[in-house]
Structure formats: C-alpha cells, structure tokens
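First, one chain by itself in structure tokens, the form predicted alone.
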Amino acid sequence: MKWAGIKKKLRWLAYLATEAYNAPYRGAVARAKREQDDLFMLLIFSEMMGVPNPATYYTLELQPIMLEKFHEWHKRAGMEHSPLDDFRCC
C-alpha cells in the first residue's frame, strides 16, 4: 500500500518536471508547425494562384482535402479575401 502511494507521487513529480521542461518550447514548435503547414498549403494551391508548380500532378488530389483549411490559411497569410479568382470562401 505504502509503495503504491510513493510511486504515484513520483509519477506525478516526473510529469510536472517534464511539463516544466517542455513549456518554453511549445510556442516555438507550434510556430514551426504552422509555418510548415502554410508552405504546404501554398504548394497545393500555387497553380491556382498562377505560380508554376512542378508537382501539380501529385498535389491536385490533395486540394479537396485541404479546402476545409483554406479560409484560415489565407486569413493567417494576410490575404483579406481568397486569392483564387474562381473560388470564393469568404
């Protein structure tokens, strides 16, 4: 009984130490992920914006999947309205 309580407290302390160590890096990791996602969205929709994309054949089938995230992406990229002429999301 006594050892179970000590193990539980040690696990809790290990969890707190891990959280305290990882906390300063969460913002940087989230920002890096967001930048990678933005670049990926640009690659997928670049041909529709008039930018030549050598991988259009491979990214064309991803457009319907990523269309759900398109609105938040172009807002975050600083575009007030959709940059695509044929597609209005706002």
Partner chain sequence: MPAIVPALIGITLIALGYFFYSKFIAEKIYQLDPEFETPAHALRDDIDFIPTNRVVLWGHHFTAVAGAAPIIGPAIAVIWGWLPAFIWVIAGTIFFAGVHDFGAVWASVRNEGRSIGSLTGDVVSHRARTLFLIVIFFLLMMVNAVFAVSISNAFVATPSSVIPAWSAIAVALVIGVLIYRMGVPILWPTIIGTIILYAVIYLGDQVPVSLPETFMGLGAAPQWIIILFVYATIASLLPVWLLLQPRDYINGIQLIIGLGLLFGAVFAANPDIVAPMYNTAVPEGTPPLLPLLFVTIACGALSGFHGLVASGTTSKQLDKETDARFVGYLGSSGEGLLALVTILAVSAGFASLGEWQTTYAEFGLTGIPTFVEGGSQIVSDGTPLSKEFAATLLAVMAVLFAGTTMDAGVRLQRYIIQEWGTIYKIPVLQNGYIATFGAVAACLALAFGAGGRSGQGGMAIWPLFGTTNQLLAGLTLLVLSVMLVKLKRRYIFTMVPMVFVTTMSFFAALYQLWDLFNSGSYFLMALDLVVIVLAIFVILESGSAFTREKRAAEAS
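Just so it is clear, the model here is predicted, and its values are computed rather than measured. We call the rigid core whatever largest set of C-alpha positions still superposes within 1.5 Å between the two forms. Numbering follows the first chain given and starts at 1.
What comes next is about the form predicted together with the partner chain, which does not appear here.
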At 4.5 angstroms, heavy atoms only, are A55, M66 and F70 all close to the partner chain in the model of the complex?
-> no
Would E80 count as touching the partner chain in the model of the complex under a 4.5 Å heavy atom rule?
-> no
Interface membership of G50, the partner chain in the model of the complex, 4.5 Å heavy atom rule = no
With the cut-off set at 4.5 Å between non-hydrogen atoms, does A28 touch the partner chain in the model of the complex?
-> yes
Judged by heavy atom distances of 4.5 Å or less, which residues of 14 to 36 approach the partner chain in the model of the complex?
-> A14, Y15, L16, A17, T18, E19, A20, Y21, N22, A23, P24, Y25, R26, G27, A28, V29, A30, R31, K33, R34
Note yes or no: does the Cα of A28 move by 2 Å or more between this form and the one not shown after the core is superposed?
-> yes
